[in-house]
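In structure tokens, the next block holds one chain alone, the form predicted on its own.
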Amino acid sequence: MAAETPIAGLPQSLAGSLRGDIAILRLARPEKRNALDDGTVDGIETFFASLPANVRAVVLHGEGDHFSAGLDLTELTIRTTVEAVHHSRNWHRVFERIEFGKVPVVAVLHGAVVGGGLELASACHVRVAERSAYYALPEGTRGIYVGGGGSVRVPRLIGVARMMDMMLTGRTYDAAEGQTMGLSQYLVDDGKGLEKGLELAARVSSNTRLTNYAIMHVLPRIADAEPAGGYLMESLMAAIASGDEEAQARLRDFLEKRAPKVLRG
């Protein structure tokens, strides 16, 4: 296992490290259930904007008993309406650095994955949930509204009706329900999430950079496109990817029986 090297320049509410070609970002406000304040969100942007060139995947997780309980609500009391709009747009910009960034991101979820914490998780590409995880969007019961991209990303995972129910009634889903609904792709026992996240990140990092880019940036746009345009984008991306030098080498390895076969599990 590669040794971890700390990443400098982050606020105290975050801790970053490098383990080979995988970067690890930890939310480090356990006394606040990893609530997201401005400094933390800005630090997330700094982390993703300055990833070293050798990094091929990121694992995001939370310190303590929770992934993130969402927006630090103490910050809402000092904002005008105009300031609140800019605050929401800042979250949008930062989370887009994750969703449409340089490398795929694996989120490891446990405890509270609530409000802005769920918005952050939904900006990631693969989500591993421990059995302690639970999901909620309590903004409706607090007289506010999601502002970190949840209106766009969460319905894509669970549907508009379920998100409406969560916001209107304050309904909470446990880890198993979230797995069934599509909030996570993997469900593991408590304490096993980071290990699984790192395992998946290693798999992701073994792909070609161009293929990972296509999956992150092109696939979501094809899914949103009308069919004719989607088919055309798919054809163009397939041609570009298969013509890549690294892809050609991998195809030769497969044809000459030097590459591993696809197996279950």
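We number the residues from 1 along the sequence you see. Not measured: the values here are computed from a predicted model.
Form predicted in complex with a small molecule: not shown, discussed below.
Scanning 171, 93, 142, 156 against the small molecule in the predicted bound form with a 4.5 Å heavy atom cut-off leaves one residue, 142. Taking 114, 107, 183, 98 one by one, only a single residue has any non-hydrogen atom within 4.5 Å of the small molecule in the predicted bound form, and it is 114. Judged by heavy atoms within 4.5 Å of the small molecule in the predicted bound form, the contact stretch among the candidates 187 to 195, 98 to 106, 130 to 138, 174 to 182 is 130 to 138.
Although the partner is absent here, residue 85 sits far enough away that none of its heavy atoms falls within 4.5 Å of the small molecule in the predicted bound form. When the small molecule is considered in the predicted bound form, residue 31 lines it closely, a heavy atom lying within 4.5 Å. In the predicted bound form, residue 152 stays away from the small molecule, with no heavy atom inside 4.5 Å.
Mapping the unseen interface onto this chain, residue 62 falls outside it, with no heavy atom inside 4.5 Å of the small molecule in the predicted bound form.
The three residues 35, 69 and 148 all sit with a heavy atom within 4.5 Å of the small molecule in the predicted bound form.
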